[in-house]
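A lone chain, given as structure tokens: the form predicted on its own.
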Amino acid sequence: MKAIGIILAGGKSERLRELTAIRATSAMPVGSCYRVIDFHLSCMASSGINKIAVITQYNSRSLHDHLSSSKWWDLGRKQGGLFVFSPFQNDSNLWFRGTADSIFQNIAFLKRSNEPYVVISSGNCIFKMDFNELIAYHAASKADITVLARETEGTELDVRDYGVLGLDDDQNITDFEEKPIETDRTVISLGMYVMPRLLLIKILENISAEGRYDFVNDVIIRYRKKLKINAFMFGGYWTPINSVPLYFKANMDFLRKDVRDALLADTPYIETKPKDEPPAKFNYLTETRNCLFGSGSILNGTALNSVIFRKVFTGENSFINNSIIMEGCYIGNNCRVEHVIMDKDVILSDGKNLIGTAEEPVIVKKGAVI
């Protein structure tokens, strides 16, 4: 069934600290060569959604650069394609005041489209799914809005960090608590929705006239008793990127074969903007185990259980363990790096040690010289 896509990529997370001081959460690097937004774009494009709007706001330069060519996601089209909207491009000259307002200020995108459905995704998580299943379920259930949801029992997710759903036997949403202090419910919203395009336009115009701007509070929660809103239970791999521990865990998950197989091994593939660089080079006596390496890196010393991005250099007798080393970092000779998130273009001089813990990894900001 035909649908257009909207990716809400304008948010920022204070819980990611220095890592989002220079980039949007959707632009966070993951898995040695990807960005978070790649998973949303790839899933939508492979599901036949060929008209996608990415709505940005905070620290969007890096994200705009990444999206500068849409052909990598098969969105370089004469009809449809990739549209990137920021608050500087609309007539009101106002920053977006909330998630619903960010869509409303670009409502022309909805009105100029003809597709019957809209898929809305919060661009701050890693997952893989066929959105056709979600759209087909929505149409069959005759719901007004369908929320992608999952069961958290048996997982490490804390329901108090998410929107918590109350469901009846038919998977209709009877209650929605946004980040409750305490709850005995275990089903959460994943921040992805499907609904008719014309209904979305009508709701956005109504709530904007009332000075309401948030999609969860002013659409899902406020309309939950007036509209038929149900849940589609998602059972695949999904992890949010909204805190330092979760970002660290997400990258470490890529070292697990079952996660790599679920996300990357089978079609449809997750696409990204490629770089024209040679494969990673491992010099004599280099030892590596359970690592991912980006292109153009030159490795000496030892690297264990780590995600190392492109154009990284590690010196002789260096030791890297349980760490994330981003693009362009230089690690000198005789260095020890454990439980560290090293942002781009960091220089670590010879003989320096950086040691954190799994619960509290050391963060080195972009461009630091140590």
Partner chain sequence: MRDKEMIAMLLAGGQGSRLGVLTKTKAKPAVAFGGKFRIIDFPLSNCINSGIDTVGVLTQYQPLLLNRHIGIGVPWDLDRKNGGVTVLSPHQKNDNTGDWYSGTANAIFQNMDYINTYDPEYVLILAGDHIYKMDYSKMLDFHKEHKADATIAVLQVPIEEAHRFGIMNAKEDGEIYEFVEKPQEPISNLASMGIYIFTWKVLQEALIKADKLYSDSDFGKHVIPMMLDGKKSLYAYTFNYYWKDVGTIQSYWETNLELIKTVPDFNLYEDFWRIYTNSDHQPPQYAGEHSDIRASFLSEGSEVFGKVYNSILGPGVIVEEGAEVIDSIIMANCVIGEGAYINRCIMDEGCVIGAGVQIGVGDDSVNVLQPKLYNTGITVIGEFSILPDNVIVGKNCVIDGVTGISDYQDMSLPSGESIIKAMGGSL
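Residue numbers count along the first chain shown, from 1. On a predicted model such as this, the values are computed, not experimentally measured, just so you know.
Not on display, but discussed next: the form predicted in complex with the partner chain.
A single residue from the set 281, 185, 249, 225 has any heavy atom within 4.5 angstroms of the partner chain in the predicted complex; that residue is 281. The listed set 296, 196, 87, 98 contains one residue whose heavy atoms approach the partner chain in the predicted complex to within 4.5 Å, identified as 296. Contact check for residue 31: a non-hydrogen atom falls within 4.5 Å of the partner chain in the predicted complex. None of the heavy atoms of residue 109 is located within 4.5 Å of the partner chain in the predicted complex. Using a 4.5 angstroms threshold between heavy atoms, residue 156 stays clear of the partner chain in the predicted complex.
Among heavy atoms of residue 210, none comes within 4.5 Å of the partner chain in the predicted complex. Stretch 254-262 is the contacting one of 168-176, 229-237, 254-262, 133-141, since its residues have non-hydrogen atoms within 4.5 Å of the partner chain in the predicted complex.
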